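Just one chain follows, in the form predicted alone, and it is written as C-alpha cells.
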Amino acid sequence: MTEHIIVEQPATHPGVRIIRFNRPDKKNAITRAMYVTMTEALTAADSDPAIRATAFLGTEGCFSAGNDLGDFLAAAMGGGMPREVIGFLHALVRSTKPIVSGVDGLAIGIGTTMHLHCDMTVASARSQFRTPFVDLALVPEAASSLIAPRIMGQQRAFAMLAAGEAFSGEEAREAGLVWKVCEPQDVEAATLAIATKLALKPPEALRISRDLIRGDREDIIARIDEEARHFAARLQSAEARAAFEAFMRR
C-alpha cells in the first residue's frame, strides 16, 4: 500500500471504486508501489460483486506525469520493464468491469496510454496528452502501438506516439481517446456520474456488451509484452542513456 494512491468506495456513488492519484508534489508520477496498489485495487474490484465500475482520477491540474523516472530506471536498468508496470497493464486489460477516467491537466506517457484501456474518459479542455517515448529513445507501451491506430488512424497515432505531439482535451476527443470535454472544475463530477450510471445497469448484460465491444484481449496482452521487450532493449542502448542524461540535466 502507498499513500500516493487513494482507493475509496464512497456511499455517494454506490457500486463505484475510485482509484485516485495522490502525489501532487511530484505531478502524480507513478512509482512501483503505486502500480502495485492500483493492480490490487483492480483485481479486488473484479472479484467483488458490490463493485460494478472503477474510476481513475488525478488531482487538480494533473492526472499523471507518467513514470517516476528515478524509481522506474532503478528497476528497469537491472532487467527491463519493471514487473509492477506489466502487472498493472495486464490487470487493466483483463478487468471485467467498466473503467472510466477523468483527466485535468497533464497526462504524460502512461498517463495518456492507460486511457486507451478505459471505456469512457472525461477531460478538461486544458488537459495535455503527450507520449514522449521516442524523445527518450524508447518505444510506445501499454499496447498503444496497436490500439491507437485502430481508434484514431495511422497519422494521429504516429503524431502522438512517434512524433510526440501534444493533444489538447478537444484534440484528444476528436481523436477518439476521450469521450467528453468539460470545464476543469466539472471533470470529477462528470466522471463519477458516468461511473455511477454504469454501476446501476444490469451487470451481466453490461459485461457481455463490453466484451463484445472490446473483443479478444489476447492480442493486446501480446502487444504489451512485445513492446516491453523492445522497451527493455532500448533502455540498455547508448541512445537512451544519452537521452535520459540530457533530460535529467534540464
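Residue positions are given as counts along the sequence shown, with the first one as 1. Quantities reported herein were computed from a predicted structural model and do not represent experimental measurements. Here, rigid core means the biggest group of C-alpha atoms that superpose within 1.5 Å across both forms.
We do not show the form predicted in complex with a small molecule, though everything after this point is about it.
Comparing 189-197, 23-31, 47-55, 210-218 against the small molecule in the model of the complex, the single stretch with non-hydrogen atoms within 4.5 angstroms of it is 23-31.
Looking at T37, you'd find every heavy atom of it more than 4.5 angstroms from the small molecule in the model of the complex. Taking non-hydrogen atoms only, A65 approaches the small molecule to within 4.5 angstroms in the model of the complex. Among heavy atoms of R156, none comes within 4.5 Å of the small molecule in the model of the complex.
Mapping the unseen interface onto this chain, L106 counts among the residues with a heavy atom inside 4.5 Å of the small molecule in the model of the complex. Contact annotation: of the candidates H90, K180, R126, R130, the single residue with a non-hydrogen atom within 4.5 angstroms of the small molecule in the model of the complex is R130. The partner is absent here; in the model of the complex, the one residue of I86, A162, L73, L136 having a heavy atom within 4.5 Å of the small molecule is L136. Superposition on the rigid core between the shown form and the other one places the CA atom of A243 2 Å or more away from its counterpart.
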